[in-house]
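Before any questions on how it binds or moves, here is one chain, the form predicted on its own, in structure tokens.
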Amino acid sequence: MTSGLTCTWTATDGATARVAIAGELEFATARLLLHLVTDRLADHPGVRDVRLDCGGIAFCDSSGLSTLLLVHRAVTGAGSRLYLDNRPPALDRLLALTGTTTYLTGESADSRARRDS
């Protein structure tokens, strides 16, 4: 089994950044995402929207969820807005089970389920 995490920051314009996440967001790897986002936000103070492309997340444990919460705190603390795009079903289930869907995405688990049906 291959483990690891790859996070790639792309500033699509001065106001929007996209972070592609691929691999396992777990205890041994999650800090990579937090450090990338906080470091890049400091380097790009004009970024107002940070879009995490979660489509490549193969696994996310409680450490990964904790890191998403810390990323949310860092992004909103910088005056920006966080988006979790292309969430895999397993990540949506984790967010729903922990009651963090609305906090992290601004949408309720029910509204997401209705939209996807």
Partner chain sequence: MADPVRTAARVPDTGDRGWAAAPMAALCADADGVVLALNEAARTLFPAAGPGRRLSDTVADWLAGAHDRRAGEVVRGEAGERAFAAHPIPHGEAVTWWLVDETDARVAQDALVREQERTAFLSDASAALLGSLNLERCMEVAARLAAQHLADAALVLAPTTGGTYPAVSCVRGEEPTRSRLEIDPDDLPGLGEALQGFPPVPSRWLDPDAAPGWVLPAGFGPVGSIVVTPLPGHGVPAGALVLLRRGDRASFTDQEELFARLFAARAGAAMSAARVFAQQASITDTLMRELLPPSLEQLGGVEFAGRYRPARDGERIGGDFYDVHSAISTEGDESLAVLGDVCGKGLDAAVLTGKIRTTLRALLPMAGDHHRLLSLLNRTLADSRDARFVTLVLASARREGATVRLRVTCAGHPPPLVVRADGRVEEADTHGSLIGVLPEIESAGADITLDPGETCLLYTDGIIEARGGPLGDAMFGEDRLRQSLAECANMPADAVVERIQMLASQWIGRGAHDDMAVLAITAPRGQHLAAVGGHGRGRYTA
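Positions refer to the first chain, counted from 1. Values in this document were obtained by computation on a predicted structure and should not be read as measured data.
If you look for the form predicted together with its partner chain, you will not find it shown, but the lines that follow are about it.
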Heavy atom distance at most 4.5 Å to its partner chain in the predicted bound form, all of D49, G56 and Y83: no
Its partner chain contact in the predicted bound form: L41, any heavy atom under 4.5 Å: no
Interface membership of V75, its partner chain in the predicted bound form, 4.5 Å heavy atom rule: no
Residue contact check: T100 to its partner chain in the predicted bound form, 4.5 Å heavy atom: yes
Close approach of L91 to its partner chain in the predicted bound form, 4.5 Å, heavy atom: no
Residues in 52 to 67 with any heavy atom within 4.5 Å of its partner chain in the predicted bound form: F59, D61, S62, S63, L65, S66
